[in-house]
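The chain below stands alone and is given in structure tokens; this is the form predicted alone.
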């Protein structure tokens, strides 16, 4: 890798750099950037030829993309993606072991609590800074005017929509949580109309079902409000309005504190908006 100390040394720093430059990237480089952030494992494992073919560009474009970011070549850039995998593959037992290190005189329980509270506070502050007033207003207007609000999320994001469904129900707002154990989610979503709306939530590595359902709804002119982590997220591409929610973590464990606060603000704001109808 190039010896320039300004180069990102981990995936989070690289992701931040790419997002900061997304508005000025040439078309082909932006295409690679979107593919890289949506498919980081493919970048880590693939060859330049296989990645280029899947991303729909020439192999030389990968080299230009790496050099545009300050790396001396694609291999140097790829090493950042491979390091991400090594970090991600740390087992939960190893993460717990790391917490048993220097506690500065505090109990392990207090260290863990303080760590998660700090991460939650950072997440809330970051999301508060990132949410623009006009985007929030637009999302609330879309959802408040919907006949039925469809709620889409899987895996880590699922608790958010589950709680939104509970809150919408208490507020007498018609909604449909997509969680069919019978595997008929596409059939349920087929009832959605342009007069309805959807809330879709997913973070990298993105849940394929959420991405597919959101794209299918958008193709039928059902407005989608998304909460995701990147302008290059495939979920953002299907959304009429989207929010960037980057959650902090503690020792590799991520919470949903900021996203939950944003989701509940949307839920209550929709109920308040409907009172004026």
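If you superpose the two forms and keep the largest set of C-alpha atoms that fall within 1.5 Å, you have the rigid core. Positions refer to the first chain, counted from 1. On a predicted model such as this, the values are computed, not experimentally measured, just so you know.
There is another form of the same protein, the form predicted together with the DNA; it is not shown, and what comes next is about it.
**Q** May I ask you to check whether residue 48 falls inside a 4.5 Å heavy atom distance of the DNA in the predicted bound form?
**A** It does: once the DNA is placed as it appears in the predicted bound form, residue 48 has a heavy atom within 4.5 Å of it.
**Q** Residue 208 versus the DNA, in the predicted bound form: is there a non-hydrogen atom within 4.5 Å?
**A** Looking in the predicted bound form, residue contacts with the DNA do not include residue 208, since no heavy atom lies within 4.5 Å.
**Q** Does the DNA come within 4.5 Å of any heavy atom of residue 60 in the predicted bound form?
**A** Looking in the predicted bound form, residue contacts with the DNA include residue 60, since a heavy atom lies within 4.5 Å.
**Q** Is there a heavy atom of residue 29 no more than 4.5 Å from a heavy atom of the DNA in the predicted bound form?
**A** Although the DNA is absent here, residue 29 would touch it in the predicted bound form, with heavy atoms inside 4.5 Å.
**Q** Taking the DNA in the predicted bound form as the reference, which of 74, 203, 158, 168 has a non-hydrogen atom within 4.5 Å?
**A** For this set of options, the contacting one is 74.
**Q** Sort through 52 to 60, 233 to 241, 33 to 41, 215 to 223 and report the only stretch with a non-hydrogen atom within 4.5 Å of the DNA in the predicted bound form.
**A** Contact criterion met by 52 to 60 only.
**Q** Aligned on the rigid core, do the two forms place the Cα of residue 221 2 Å or more apart, comparing between the shown form and the other one?
**A** No, its C-alpha moves less than 2 Å.
**Q** Establish whether a shift of 2 Å or more occurs at the C-alpha of residue 237 between the shown form and the other one, with the two forms superposed on the rigid core.
**A** No, residue 237 moves less than 2 Å.
**Q** Taking the rigid core as the superposition reference, indicate whether the CA of residue 261 shifts 2 angstroms or more between the shown form and the other one.
**A** Comparing forms between the shown form and the other one, the residue 261 CA shifts below 2 Å.
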